[in-house]
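Just one chain is shown here, as structure tokens, and it is the form predicted on its own.
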């Protein structure tokens, strides 16, 4: 309990630090939110009135506390470009990006754990050597480039999906999942290749210790030793990578969405940056940072459960 509370306090401090840096960064950027909202042709009187209405004349500390309090309540402000609540703008798009992230992460787990176990079981064999060689290549491919290759092969050549087509979840759940399958695969491939390499190395290290030999002496088969004795310990050093991979997948999905034409957070983030729509950019970056920090907190708790020696 003490360990969890300590990590929770660290997570909250990290979120507070990110929010402060984010707010100060956008506050120091040249430009006036009132001008961004009304345009450069607005009269000085209208600009002054809007600045007063938006609270821009208040001290920066007061504005930060007000912004942070509103954010915690779920009020992300109003878009300068569209004059509508940011929460309404990014709600559905956040669901799309989170769904694709979860799908990609599940793919990483489903690929890396069985393949890593197989490679460790057949260490040095032809298949193991081939998988390691292919993995080295896949690790070096950026997700956006693997997305282009997947679109070319599975979309254009094989015709398994229509490039640029997206089906909303309110029209068809299966169509929605199908629209995100290949984008998620393009994100998962390099992460899965890296996870296979790390898990294989960790499994081989654990197999060289004494306790697997004791398990063998009791009549356990190779797979029984791997699954019931070695895997749990081998996963401990790999957990940190899985946590980092989940965070990378979320940020990487923003880029991959552009390749596949997915209307997730990526499109609205890039558009908002170009339009200097800072409330939208602030909300998206803050949400992404919160997800990353919460994921790291969860990994630390799981790490502690698997290895009680960690204090």
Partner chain sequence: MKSTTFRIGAAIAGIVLLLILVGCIWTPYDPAAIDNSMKFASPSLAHPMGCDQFGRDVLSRIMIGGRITILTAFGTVILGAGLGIITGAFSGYFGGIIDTIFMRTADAFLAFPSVLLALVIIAIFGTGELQLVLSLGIAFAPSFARVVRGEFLRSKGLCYVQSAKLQGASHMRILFVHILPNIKSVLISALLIGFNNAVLAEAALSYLGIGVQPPKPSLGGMLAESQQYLFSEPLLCIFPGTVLILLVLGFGLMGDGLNTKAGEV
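Bear in mind the structure is a predicted one, so any value in this text is a computation, not a measurement. Numbering follows the first chain given and starts at 1.
Absent from the display: the form predicted in complex with the partner chain. The rest refers to it.
Colleague: Would you say all of 197, 259 and 276 touch the partner chain in the predicted complex, counting a heavy atom within 4.5 Å as a touch?
Modeller: Each of the three qualifies.
Colleague: Could you spot which one of 154, 144, 166, 216 gets a heavy atom to within 4.5 Å of the partner chain in the predicted complex?
Modeller: Of 154, 144, 166, 216, the residue with a heavy atom within 4.5 Å of the partner chain in the predicted complex is 144.
Colleague: State the residue from 255, 68, 47, 56 whose non-hydrogen atoms include one within 4.5 Å of the partner chain in the predicted complex.
Modeller: Contact residue from the list: 255.
Colleague: Where, among 144-152, 206-214, 92-100, 115-123, do residues come within 4.5 Å of the partner chain in the predicted complex by heavy atom distance?
Modeller: Contact-bearing stretch, as computed: 144-152.
Colleague: Report yes if any heavy atom of residue 201 sits within 4.5 Å of a heavy atom of the partner chain in the predicted complex; otherwise report no.
Modeller: Because a heavy atom of residue 201 falls inside 4.5 Å of the partner chain in the predicted complex, the answer is yes.
Colleague: Is there a non-hydrogen atom of residue 283 within 4.5 angstroms of a non-hydrogen atom of the partner chain in the predicted complex?
Modeller: Residue 283 lies outside the contact set for the partner chain.
Colleague: Could you tell me if residue 302 has a non-hydrogen atom within 4.5 Å of the partner chain in the predicted complex?
Modeller: Residue 302: no contact with the partner chain in the predicted complex.
Colleague: With a cut-off of 4.5 Å between heavy atoms, is residue 137 one of the residues that contacts the partner chain in the predicted complex?
Modeller: Output for residue 137 is yes: heavy atoms within 4.5 Å of the partner chain.
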